[in-house]
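Take a look at this one chain, the form predicted on its own, written out in structure tokens.
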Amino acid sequence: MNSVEALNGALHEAMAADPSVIVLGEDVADGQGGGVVKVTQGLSTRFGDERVRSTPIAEQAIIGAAIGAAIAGKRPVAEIMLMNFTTVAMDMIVNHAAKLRFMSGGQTNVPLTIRTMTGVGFATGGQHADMLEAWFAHTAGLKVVAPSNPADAAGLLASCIFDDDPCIFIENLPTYWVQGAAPPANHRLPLGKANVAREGTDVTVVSYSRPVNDVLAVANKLAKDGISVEVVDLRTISPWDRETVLASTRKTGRLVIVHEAVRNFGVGAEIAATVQEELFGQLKAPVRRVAAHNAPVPFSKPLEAAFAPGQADIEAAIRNSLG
């Protein structure tokens, strides 16, 4: 099963289980194609146009309507087709969805899930492929989720839909069609809990979303050289699972953080600072970060490949950590 199928299945299950779950976004209904990559295919045919609505190209209106529906008792799943377009709706996301619980003294919650896709690899350019998770992770009141495989995508999306607070659910375009294990029926994974995707003893590598697959490939390669890499898939970026990351790093004494977003002021910086604060004196080597260069995502395929971190960069960082 691939992630498109897994996400589609999770949406079908959530809508069947709870009539308050609705879907809205550009081209999400079957009459408009069932989503640009078919994640919402079949939903409007099964559940009707009242619960699955294609909208105009108006991101701020999509999120505004979804927030209103959430306050009125629905559990909306709003699709912003590409993550860069969330910038159009930042006022609604940051100043309304994220803050209404705080500003109402806990009386108004916003059970909103914002699905969006992004990611390098398809030469979609600087306005379609940025990883902007650090912006949202910096905003109190939002949960930020980024799965790396089909089963996790289904389980985490279901948990976002039935969470009482707003969640940003980031789907990475190149991972949509990567095959993985099928999730069990009505699969849910706890938000804020990381997964130790591979156990090891020499160095910990923390990652999330698409790069997890590169990290696992590198770990398998290095195992042939006798290097034991522990791979931690964060799954949820905010709140991130400090306990699992600290426990793994305490065990190995070394940490490499890998993400597709630019390095400057990124998620890796937060994790690195926390580990340095908590484990200073126990580390055998400096914490290392592998991330994209500080630039818009290039349209040119060769430049895009040079911009984003790859397996060679991950392997070099691990070997440098080992000294």
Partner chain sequence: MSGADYVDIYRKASLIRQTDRRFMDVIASGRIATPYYSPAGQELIPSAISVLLDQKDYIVTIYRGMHDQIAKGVPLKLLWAEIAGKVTGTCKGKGGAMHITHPASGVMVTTGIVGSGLPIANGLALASQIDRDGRVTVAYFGDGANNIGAFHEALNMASLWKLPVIFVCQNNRYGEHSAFSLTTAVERVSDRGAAYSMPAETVDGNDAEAMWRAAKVAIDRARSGGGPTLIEAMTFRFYGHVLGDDSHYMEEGELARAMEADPVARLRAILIERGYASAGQVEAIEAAIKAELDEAVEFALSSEYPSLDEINTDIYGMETAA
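Everything numeric here is computed off the predicted structure, so don't read it as measured data. Positions refer to the first chain, counted from 1.
A second form of this protein, the form predicted in complex with the partner chain, is not displayed here; the remarks below concern that form.
Using a 4.5 angstroms limit between non-hydrogen atoms, G253 is distant from the partner chain in the predicted complex. Remark: W177 does not count among the residues lining the partner chain in the predicted complex, judged by a heavy atom distance of 4.5 Å or less. Residue contact check for E50: one or more of its heavy atoms lie within 4.5 Å of the partner chain in the predicted complex. Taking the partner from elsewhere, G121 is found to have every heavy atom lying beyond 4.5 Å of the partner chain in the predicted complex. Looking at the partner chain in the predicted complex, residues A217, A219 and K284 place no heavy atom within 4.5 Å of it. Stretch 70-78 is the contacting one of 70-78, 168-176, 152-160, 222-230, since its residues have non-hydrogen atoms within 4.5 Å of the partner chain in the predicted complex. Distance criterion of 4.5 Å from any heavy atom to the partner chain in the predicted complex singles out Q60 from the list T45, Q60, Q32, T274. Listed residues A269, L279, V36, A65 were compared with the partner chain in the predicted complex; A65 is the one with a heavy atom within 4.5 Å. Along 141-155, a non-hydrogen atom within 4.5 Å of the partner chain in the predicted complex is carried by G141, L142, K143, in order along the sequence.
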